[in-house]
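Only one chain is given next, in structure tokens, and it is the form predicted on its own.
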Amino acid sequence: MKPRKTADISLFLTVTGLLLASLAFVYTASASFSVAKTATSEGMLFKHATKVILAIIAMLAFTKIDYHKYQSHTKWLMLLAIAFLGAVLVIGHTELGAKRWLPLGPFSFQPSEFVKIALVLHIASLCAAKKEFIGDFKRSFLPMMIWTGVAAVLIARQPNMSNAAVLMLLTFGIMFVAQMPIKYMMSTGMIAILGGGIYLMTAWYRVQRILAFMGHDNEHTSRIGYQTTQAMIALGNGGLFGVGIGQSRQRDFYLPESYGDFIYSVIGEEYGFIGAAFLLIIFAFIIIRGIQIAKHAPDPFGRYVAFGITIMLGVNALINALVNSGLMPVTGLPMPFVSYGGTSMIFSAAAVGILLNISKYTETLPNPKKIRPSLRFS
């Protein structure tokens, strides 16, 4: 099937708009920290702008690559991703008590972001190849869970429980669309939750983080819950319409990572509830558009890849918003396309590029003004 001349323009413009808007968000959220780190309020902005440009280039580049070409190479991509995860445990540099960054000469990146895309492609490829016996536990379900389990365990060892959980959600989401028997996913999910609970109890700081989220007040939980408290103060300060662009008070060394994992709180403070809600509406549009592309994909592989990428973006955005709102324990997941940083932004943009390439092969897509969300893939 020959691709159309253009990809889905509405999705492309939406993601590009978010990337460009992040320049304003990061500039105001990082101004005070930037002065302390670089002696100028624009220092961190210039670094972020470089990564925004790279993200847009990555999105455009992957839009031009025929997604069918990945299908025969997903196993090698997955092996490479697992090798990166193993390497980061050995030679990765430690930051805030976690080994998540792998140095590659003058650059460094988080292998956990690469493995998300590799896993989506590989599980989608396996589901498409095993479609005729998708209900067979040994021939279909078990091999997929082995790949996912190995990657999740390596990420949990960094430690990075949030991304390990995201990998499980990605796999289960694609399996659900591929009509894998629910009983397999439910039983494995229960085992994973039990194992994750035991793992949480093996580290003092993780226990204290859960206790802080549950409202237990002591010296340790108060210190751990400081980020959440400051984030909620920022959202409260914003009210309905916000305090105004560049007028955030919590960014001035009160809110750690105000330009990274907690930038959503600064957006809520400066733009108010309306601005914070509008950002979530934009992500809702991206998710719905991704589902529409998946539903209209010309083959099972494209359908599963599109849905997996949509889950990845949606889950990351949702978890970040919940953490900033105090509705989840603190984790290290950034807001896609918005938070300061390079690895997550560039790989998320590359994933959108793959999604846009799939949209080229769809015969028709609903008008964005008439989109209705649905999980039916018949």
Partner chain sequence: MRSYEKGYSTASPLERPTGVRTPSSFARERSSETEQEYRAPGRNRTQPDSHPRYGPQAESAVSMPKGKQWHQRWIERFFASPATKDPMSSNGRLYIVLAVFLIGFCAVIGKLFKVQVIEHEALSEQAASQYQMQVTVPARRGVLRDRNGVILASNAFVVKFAFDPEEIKNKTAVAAAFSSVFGKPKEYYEGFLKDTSRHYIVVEREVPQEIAAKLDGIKERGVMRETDERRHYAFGTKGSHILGFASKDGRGLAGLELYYDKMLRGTDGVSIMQRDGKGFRRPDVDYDQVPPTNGDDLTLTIDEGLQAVTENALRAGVERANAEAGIAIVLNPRTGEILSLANMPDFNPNDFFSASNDMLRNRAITDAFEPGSTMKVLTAAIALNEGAWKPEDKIDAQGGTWVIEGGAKIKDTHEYGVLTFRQALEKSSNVCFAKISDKLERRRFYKYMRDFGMSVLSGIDLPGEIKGSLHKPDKWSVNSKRYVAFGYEMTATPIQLAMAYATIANFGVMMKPYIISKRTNIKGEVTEIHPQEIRRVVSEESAKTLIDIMRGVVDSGTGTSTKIKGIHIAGKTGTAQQYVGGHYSKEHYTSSFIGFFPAEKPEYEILVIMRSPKNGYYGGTVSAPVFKEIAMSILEQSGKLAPDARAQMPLASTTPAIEEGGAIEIEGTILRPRERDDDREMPDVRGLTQDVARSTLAAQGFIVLKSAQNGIVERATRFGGDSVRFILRAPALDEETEKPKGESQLVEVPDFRHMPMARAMKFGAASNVRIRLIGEGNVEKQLPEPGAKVDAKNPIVTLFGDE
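Numbering follows the first chain given and starts at 1. Just so it is clear, the structure is predicted and the values come from calculations on it, not from any experiment.
Below, we refer to the form predicted together with its partner chain, which is not included among the displayed structures.
Taking the partner from elsewhere, F283 is found to have a heavy atom lying within 4.5 Å of its partner chain in the predicted bound form. In the predicted bound form, its partner chain sits beyond 4.5 Å of every heavy atom of S41.
Heavy atoms of E269 reach within 4.5 Å of its partner chain in the predicted bound form, making it an interface residue. The closest non-hydrogen atom of V315 lies within 4.5 Å of its partner chain in the predicted bound form.
From the list 155 to 163, 73 to 81, 124 to 132, 193 to 201, the contact stretch for its partner chain in the predicted bound form under a 4.5 Å heavy atom rule is 124 to 132. Put simply, of I117, V88, M168, A276 only one has a heavy atom within 4.5 Å of its partner chain in the predicted bound form, and it is A276.
Contact residues in stretch 158 to 181 (any heavy atom within 4.5 Å of its partner chain, taken in the predicted bound form) are M175, F176, V177, Q179, M180, P181.
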